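To begin, one chain is listed below as structure tokens, in the form predicted on its own.
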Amino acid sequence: MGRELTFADAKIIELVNKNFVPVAMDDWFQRRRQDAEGDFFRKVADQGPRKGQGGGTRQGIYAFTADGKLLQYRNSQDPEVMRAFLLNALKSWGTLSPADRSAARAGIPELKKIDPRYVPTLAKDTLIVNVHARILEKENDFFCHGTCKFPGGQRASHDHLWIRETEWQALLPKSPQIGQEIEIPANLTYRLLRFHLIDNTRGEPPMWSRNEVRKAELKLAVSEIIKDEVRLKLTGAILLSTDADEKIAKRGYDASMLGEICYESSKRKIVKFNAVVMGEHWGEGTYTGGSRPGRAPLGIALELADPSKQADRVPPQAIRETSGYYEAGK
């Protein structure tokens, strides 16, 4: 969310569009991958103050030439600081000799070897669901946008839930009947709860561990059949907390879920996946300080993504460990 404050600024957008080629990467992946792209990232980062000693972070914003010469580095969420950073990067570019500028126009060869451990691949026919979280406040029995002291913490976050083909196919009964209940795959239930019902509105949150899922009562049932379209009602009661006694838990989320999944029975194709999770969240993580005191409303919305859009194909944050993400019930 901090990056959004920077790159949603009109002056920053204008500067970047006119003078830079923007690239966004996940430092956690880039500093570990053993291939040409990882080597290039470390080459650039090691010219700055964060050299990743002992496997440490190289997070930040880098301005560099195409051949890997670092021009400027900053790690700030302040748009004005970043605007100055970009202007200083242009000044650094201006100080390069004509020969250095010419050398910087490096060609980009095809990446023949890719480290698969750190390049999450979207398998064919994977269902992508957008996930948005937002802090809320309650006024006269209605929920409205929440406010907090943390800069940008009132904005909605954005992540993606990946559902394997075998899992979403298991949600679609072949001979549906009104009232029929469908068993939701356990790994899908725990993936949703552990990795996507999180407060990531102020930064990178801790995920829920398997034993922190205290209640996971999700139900899916056929609610309506209209010609070729089958509608499934999704409901749930959820409790996530760092202690079995939620009264003393340092962090938790006590929530309910309501949603609908619609599919075309002849094509076995999901055409709608909408759900809302509402409840009280409390506590904060190492990198998500500035939470509101006590228990406060947190809403999470899920909607079917468009796989043709590159932005909707960005891997889930929690998929850094692929097997752990898909086998969340273990």
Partner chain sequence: MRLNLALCLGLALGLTHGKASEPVKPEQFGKLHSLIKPNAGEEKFMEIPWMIDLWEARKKAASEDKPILLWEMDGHPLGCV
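The term rigid core refers to the maximal set of C-alpha atoms that superpose within 1.5 Å between the two forms. None of the values given here were measured: they were computed from a predicted structure. Positions refer to the first chain, counted from 1.
The same protein also has a form predicted in complex with its partner chain, omitted here; what follows describes it.
For this session: Establish, in the predicted complex, whether 61, 110 and 246 all lie within 4.5 Å of its partner chain, using non-hydrogen atoms for the distance.
Result: Yes: each residue has a heavy atom within 4.5 Å of the partner.
Problem set entry | Position in contact with its partner chain when the complex is considered in the predicted complex, options 115, 125, 80, 183, heavy atoms within 4.5 Å | Checked against the cut-off, the match is 183.
Exercise. Is residue 305 close to its partner chain in the predicted complex, meaning a heavy atom pair under 4.5 Å apart or at it?
Worked result: No, no contact at 4.5 Å.
Exercise. In the predicted complex, does residue 231 have a heavy atom within 4.5 Å of its partner chain?
Worked result: Although its partner chain is absent here, residue 231 would stay clear of it in the predicted complex, with no heavy atoms inside 4.5 Å.
Exercise. Counting only non-hydrogen atoms and a 4.5 angstroms cut-off, does residue 197 reach its partner chain in the predicted complex?
Worked result: No, residue 197 is distant from the partner.
Exercise. If you check in the predicted complex, is residue 104 within 4.5 Å of its partner chain, heavy atoms only?
Worked result: Contact check for residue 104: yes, within 4.5 Å of its partner chain in the predicted complex.
Exercise. Going by heavy atoms, what in 306-330 lies within 4.5 angstroms of its partner chain in the predicted complex?
Worked result: Going through 306-330 in order - heavy atoms within 4.5 Å of its partner chain in the predicted complex - the hits are 310, 311, 313, 314, 317, 320, 329.
Problem set entry | Exceeds or equals 2 Å, Cα of residue 233 between the shown form and the other one, core fit | No, the C-alpha position differs by under 2 Å between the shown form and the other one.
Exercise. Any chance the CA of residue 161 moves 2 angstroms or more between the shown form and the other one, core superposed?
Worked result: Superposed on the core, residue 161 moves its C-alpha less than 2 Å between the shown form and the other one.
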